[in-house]
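What follows is one chain in structure tokens, specifically the form predicted alone.
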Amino acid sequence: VSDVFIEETLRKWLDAHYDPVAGLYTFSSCVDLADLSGDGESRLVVGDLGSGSSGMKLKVYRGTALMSESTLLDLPAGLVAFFMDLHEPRIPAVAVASGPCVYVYKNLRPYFKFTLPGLEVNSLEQDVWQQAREGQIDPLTLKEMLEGVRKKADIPLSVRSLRFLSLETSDMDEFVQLHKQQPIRRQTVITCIGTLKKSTADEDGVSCLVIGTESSDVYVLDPEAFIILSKMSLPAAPTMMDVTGQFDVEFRITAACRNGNIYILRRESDKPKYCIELSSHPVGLVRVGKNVVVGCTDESLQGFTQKGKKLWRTILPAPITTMAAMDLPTRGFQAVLVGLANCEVQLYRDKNLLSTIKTPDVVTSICFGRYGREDGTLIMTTKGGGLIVKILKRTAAFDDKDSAPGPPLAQSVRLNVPKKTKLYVDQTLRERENGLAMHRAFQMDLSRLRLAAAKAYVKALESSLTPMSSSLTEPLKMNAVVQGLGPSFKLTLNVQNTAACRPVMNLAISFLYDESLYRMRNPYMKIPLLVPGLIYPVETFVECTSDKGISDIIKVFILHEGKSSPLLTAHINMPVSEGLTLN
């Protein structure tokens, strides 16, 4: 990125706050902005991952200070703020997806816990554990039977059985004694979460929760009773989601799945309506208007329509770490913020690069929106746990002319196409009225041309004017030369490999002739490896055994060793053995 381009970016953003030791370890899916107090000031809500095994917390920032924090029982997979009722004052709730549960906080206090329904348990697995409970089998036999069930059954094993199979032999008996009396359960976990407006598109309208699970299912939950309103299935587990529309009217759920494809779900179907197949796995998914922008692991940014048609593709200077939408409704501006591994955050509108922000560390999460009372606030967290806050200047303007070099301007200039002449119009009318007759005449002339070419080819073969042949399946060419006055003749075949760089090997030459007229020393010969471009002469001798003064045709075949179908065929007219001139 040029220094001039970065200088332009510095004039568009204000550095509001930077805390390199904030201790925030999170992703874009676990960050949101919401007015949690109803006073018109938005807070920053963060699902902090902690160390990955402990210290998971729900943190709320007001301005530059930590306002409150609550302990989470498991790693958060996603966090959203949503309105769950029509009560006044209009204060949103916060939903945190963690493991198989969704924890709902209202006024920053625990309000409700929703647990995903259990999955079907393998009946064979239940029978095996029942035998272990009754003491009919020992732990080693239990292991063998569970391994057999895992290989053959369609329903996966429960977590308990998978943990048992991973144990050492010495620990199996203790594990069985501890768990054999407990019922077997198979539980899925949440992979992503989003919100869907219930019946109105208002900013403070009631929203449903949309949950993607490891079992490849998508659930839509009622915002008040937290019952499942709709269940849809995907071919693979979703990792990212983007939801638009209203549940009671029409909606679309765009889900990036672990198999590298993107599926689009609609209201009237419980299975994907459209599918986008990507060349590499997606790492970011953002909807801009009616289009979907996808970041991939091959360092590319791609745009698609909501029906899966590819619009554009641009190459990025480094791998993508995170993506987020930048939406300014007051200016009618929408774009995509892309965090890169080279400590940059780039702003794209379609495939045009509008701005580049240099950061002191690699950015792991991005959130843009209203923070405090400022609408255009960009909040970023870094790999080292830092917190960066930037504010978009009110005078900032993003123009596509600031983007990377594209096609020349001359392509957008309209050509001065001349008006249609009377001759052109008359010819068009003639073709329209007599199209069938013109097509028949063309086909007749084409057939006559093919017939004339075939007759000329047959005449050349029969007269042996050019005893040369070319293969249609292999890059070979052969030329035959007959020398001598008889009764002995020398037959020389010049074989050439016409390929650019590929050698040809394992070839042989076979001769077919009338044995009552001719006798050959070598009727079958092997050809050495043919190097491209060189001419290899293959010589043999033919002796005429007839004294009647007649001649015949000798057929030459080049074929692969061990195969009967020839690659190349040539006919050689032998001269009369009484010293006549060769044909």
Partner chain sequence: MGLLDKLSGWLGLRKKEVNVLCLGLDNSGKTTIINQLKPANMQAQEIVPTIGFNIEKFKSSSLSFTVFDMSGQSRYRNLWEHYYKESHAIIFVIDSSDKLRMVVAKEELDTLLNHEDIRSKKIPVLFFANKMDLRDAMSSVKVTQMLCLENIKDKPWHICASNAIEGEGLQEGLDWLQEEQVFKTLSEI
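All values derive from a computational prediction rather than experimental measurement. Numbering follows the first chain given and starts at 1.
Quick note: we don't show the form predicted together with its partner chain, though the next part is all about it.
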In the model of the complex, the residue from Pro523, Gly63, Pro532, Gly55 with a non-hydrogen atom within 4.5 Å of its partner chain is Gly63
Sort through Glu224, Glu374, Asp327, Glu299 and report the residue having a heavy atom within 4.5 Å of its partner chain in the model of the complex.
Glu374
In contact with its partner chain in the model of the complex (heavy atoms, 4.5 Å), from 194-202, 163-171, 440-448, 384-392, is stretch 384-392
I'd like to check something about Leu14: if you look in the model of the complex, is any of its heavy atoms closer than or equal to 4.5 Å to a heavy atom of its partner chain?
yes
Scan 117-151 and write down, in order along the chain, each residue with a heavy atom lying within 4.5 Å of its partner chain in the model of the complex.
none
